[in-house]
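Laid out below as structure tokens are two forms of one and the same protein chain, each shown alone and named structure 1 and structure 2.
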Structure 1
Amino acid sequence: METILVLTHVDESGSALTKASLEAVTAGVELARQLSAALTIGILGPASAEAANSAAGAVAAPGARLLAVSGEAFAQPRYATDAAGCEALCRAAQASIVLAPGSSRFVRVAAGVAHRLGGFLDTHITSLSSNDCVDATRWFYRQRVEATISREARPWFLLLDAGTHAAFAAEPATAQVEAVDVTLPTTRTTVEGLRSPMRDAQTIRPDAQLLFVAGAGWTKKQPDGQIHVAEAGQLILAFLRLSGASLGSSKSLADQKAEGPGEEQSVLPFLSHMNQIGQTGATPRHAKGLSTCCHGEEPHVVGWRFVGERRAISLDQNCGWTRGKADVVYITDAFQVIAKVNELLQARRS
């Protein structure tokens, strides 16, 4: 008989669970139902009744528990303290299956925690199912090979990719939280905060409907024999502002440095390697994606695995997108089209 623990953590406000945590709660509720298993939710963060109340509905069933480790040490993500906190939650819950969101916070510590518990961890889980045993689906080779796996060994830790489950939503209820004690380790790391590398704008929006990818073509010589980097930057930023899209980039564009003395910044100052999509970049989840001035080579397109509808604008009718990688490819000049799109979006706004 399995017992399930869902590890969750609070967001930056400290008073609510992250969306990814609530998604993991949904996965836990579903799996517990399928397996007729007992469910425990564990919360890591500074003490927060509000956060606990948002998950209380998930542990309404008899035997279900809500555990929390709390205190200033958990106000910020840090390996030593988070690992100790998660370890304490796991020991208190004695679960055979531990689900957790694949957030940067838990990605940093989950393997270490699994090891401490004598368990095993699989990450980037995109779906879970159970008949006689629990099966989990994940991708290998940077989203090029899909596998369904199972493990006999317990405890089995599974980190779920964000966006693979709906966020748990129930009327907040007053939660009966069991506080779990943690022996805090000595900390040698101080978290100083968050820093955004973008100079002009925050361009990465994981929750956006649309992913807008800019390729190296934006900085290449155009049919008039000139390069138009400044104009490219303006068009892209205007599009992002008007459409609410998240900005992705090809590796070739992200690798380009601006010319000039002492310049270490990217050719487009609002873009960094964090925007890069693909083999050595990100694999974001968006309903739609629009690629511009990008050739659609395989190491780039593997990063589009979880992008639903795909369209591309390229001057090259032999680009990768035309070979079954996009739904629609417009063979034309992206400068002209995006300028027009921006006009239309602007008009729609006003």
Structure 2
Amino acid sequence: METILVLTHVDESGSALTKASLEAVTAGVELARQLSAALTIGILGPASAEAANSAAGAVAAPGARLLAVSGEAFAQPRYATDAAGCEALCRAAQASIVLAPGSSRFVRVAAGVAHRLGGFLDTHITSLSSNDCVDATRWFYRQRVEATISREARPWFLLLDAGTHAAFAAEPATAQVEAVDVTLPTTRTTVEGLRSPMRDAQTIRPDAQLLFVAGAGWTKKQPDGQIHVAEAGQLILAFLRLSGASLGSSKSLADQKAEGPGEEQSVLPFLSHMNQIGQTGATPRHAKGLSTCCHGEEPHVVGWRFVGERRAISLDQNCGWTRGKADVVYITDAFQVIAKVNELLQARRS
């Protein structure tokens, strides 16, 4: 009989589980129900009691357990301490299947913990199912090939992609937490503080409701025969600031670079290949997406497959978005539309 452990960790506040952790709890509850297996939730954090209350409803079934490793050593991500804490939770749970969110904190340590326990690790899991055995689904080749993985070896570690499950939600309750002792190794890393970019500088926001994609049309000649890159940059950054959207880019725009003297091509300075969406870029999972000044070609649109509602602004009525690739297409000037939208958003804020 399988025993399932869901590894979770707290957010920056130290008193609540991250959204990705709650999504992993949902996956664990569903898989445990399918297998009629015992479920254990393990929490990593400086003080896990308050955070455990949000997951108490998941361990209401007989035989379910809630384990925690606590201490100031787990207040900040660190390979040595996090690996020791996860290993202690796994040994205490005696789990055959270990689920964890694919966060940077767990991606860093998962392979090492699996090796210490003689287990196997698979990453970027998007769904789990069970018939005669446990099947895990993931994508390969930039989300163009879907594979189903099954292993007989145990323990089997599975890192889940964010956004693939609903976050666990239940009435908060007082949880009965079992404290797990950890023998910490000697640490050489001291966290002295955090430095975060300003909100305007941070353009990639995975938790945003809206994905705003800029195409190469922003840097091309406009109806007046001139290029207005500076204005385009101001409009886009203002929209991101006012709406809280995440910024994406087409490959053609991300590839633009300044050429030699006399041939210099103006580009948007806040864009990088990290913003690129599509076959050779990212495949985000936002609820809504708005494409601007982009032709909507297939290598780019394939990166939109997990975006719920798609809309586009284009001057080309024969672009790819108008051929069934978007729910709504506005045939108009993106400069004018975004300027007006920014004005309305600013008025609403003030």
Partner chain sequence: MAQALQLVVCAGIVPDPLQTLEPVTGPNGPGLKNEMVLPAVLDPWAACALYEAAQLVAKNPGSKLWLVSLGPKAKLQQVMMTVGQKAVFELIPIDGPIGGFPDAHSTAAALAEAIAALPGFDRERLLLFGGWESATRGAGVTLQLVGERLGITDQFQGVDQITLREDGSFEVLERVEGGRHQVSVCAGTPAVLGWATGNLAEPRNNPQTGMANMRGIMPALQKAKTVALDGNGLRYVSVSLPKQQRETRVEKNMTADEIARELVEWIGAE
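Counting starts at 1 with the first residue of structure 1 and goes up one by one along its sequence. Take the two forms, find the largest set of C-alpha atoms that superpose within 1.5 Å, and that set is the rigid core. No experiment lies behind these values; they were computed from the predicted model shown.
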Given structures 1 and 2, which represents the form predicted on its own?
2
With both forms fit on the core, has P223 moved 2 Å or more by CA between structure 1 and structure 2?
yes
Taking the rigid core as reference, does A214 move its C-alpha 2 Å or further between structure 1 and structure 2?
yes
Threshold 2 Å Cα movement between structure 1 and structure 2 for R151, core superposed
no
Students should find the CA displacement of Y330 between structure 1 and structure 2, rigid core aligned, in Å, to be 8.0
For G320, what C-alpha shift in Å is seen between structure 1 and structure 2 once the core is overlaid?
8.6
